[in-house]
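Single chain ahead, written as structure tokens, the form predicted alone.
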């Protein structure tokens, strides 16, 4: 029997394996992120550091590194663009938390709670601008096109989500359109720049884009499922946030598909009218369970995960490709 001092090592995840393979590159990206957050305006650095230095999974910049390494591309360029991707992502988080009136991010108070809405929006704008500076530093018009298109698509996805919030008759296709914009577009761009850097050709560029887009959709569906079944300490946000904000995500949409008139009236009250009472989340969870919203949501995520894994089959065979395939499954089945 092991002594108390001999605790078993935590099991490594596919994300850990990719991080280990690209550790020195990720260290370079983190250094670059901290350097490029510098500003003569103290509040900018203070707020940006509060969120960025808090960590997070760094999935998107890691994918930029992995997609470049997969094609033996210039990793110094990948460092710059991975930092750019992280700045875009962080800017959207700052703006999202203001729009959603979120109270928590990555396990602590969100930046808008600590620093206020105005500062969060403006520093988000600064990070977007810094991201575009990094893009132009790279000098590739194609890279600039990919990342700027993604930035515009993210904004469109967020506005679409806002415009359909609380609409209980929203079709599943609209939900997929929302998450494709707000999440998957940046995943796709993050990996598409890898074969561009490596001059791998348009077919490989499209394959990598397909991989990232489908991974991003699967990731977001799984994330939306976690909002109704996740461990709050692990996911770093309050369980039920989407419910409280009136967001129609996969578990709720599946619960609505065969809902009775009484059930639809409940969803209209809590989602459309935002008339929520103390036990409503508990009832929502019961209805989602009744209609297998969690299981169907995970199955939907798995279907996009399979598309992502199929896209990988056209890429150079290597241990890194196998790790990316494992990462796809992990992203769907995670509990954080």
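Numbering follows the first chain given and starts at 1. Since this is a predicted model, take the numbers as computed values, not measurements.
Below, we refer to the form predicted together with a further copy of the same chain, which is not included among the displayed structures.
**Student:** Is residue 204 a contact residue for a further copy of the same chain in the predicted complex, using a 4.5 Å heavy atom cut-off?
**Tutor:** No, residue 204 is distant from the partner.
**Student:** Closest heavy atom of residue 44 to a further copy of the same chain in the predicted complex, within 4.5 Å or not?
**Tutor:** Answer yes; at least one heavy atom of residue 44 falls within 4.5 Å of a further copy of the same chain in the predicted complex.
**Student:** Is it the case that residue 156, even though its partner is missing from this view, gets within 4.5 Å of a further copy of the same chain in the predicted complex, heavy atoms only?
**Tutor:** Residue-level check for residue 156: yes, a contact with a further copy of the same chain.
**Student:** My question is simply whether residue 162 lines the interface with a further copy of the same chain in the predicted complex - judged by any non-hydrogen atom within 4.5 Å.
**Tutor:** Yes, contact at 4.5 Å.
**Student:** Heavy atoms within 4.5 Å of a further copy of the same chain in the predicted complex: which of the stretches 217 to 225, 114 to 122, 68 to 76, 166 to 174 has them?
**Tutor:** Correct option: 114 to 122.
**Student:** Identify, from the list 244, 89, 95, 209, the residue with a heavy atom within 4.5 Å of a further copy of the same chain in the predicted complex.
**Tutor:** Of 244, 89, 95, 209, the residue with a heavy atom within 4.5 Å of a further copy of the same chain in the predicted complex is 95.
**Student:** Please pick, from 264, 229, 103, 145, the one residue with any non-hydrogen atom lying within 4.5 angstroms of a further copy of the same chain in the predicted complex.
**Tutor:** It is 145.
**Student:** So which residues in 185 to 208, when you check a further copy of the same chain in the predicted complex, have a heavy atom no farther than 4.5 Å from it?
**Tutor:** Contacting residues: none.
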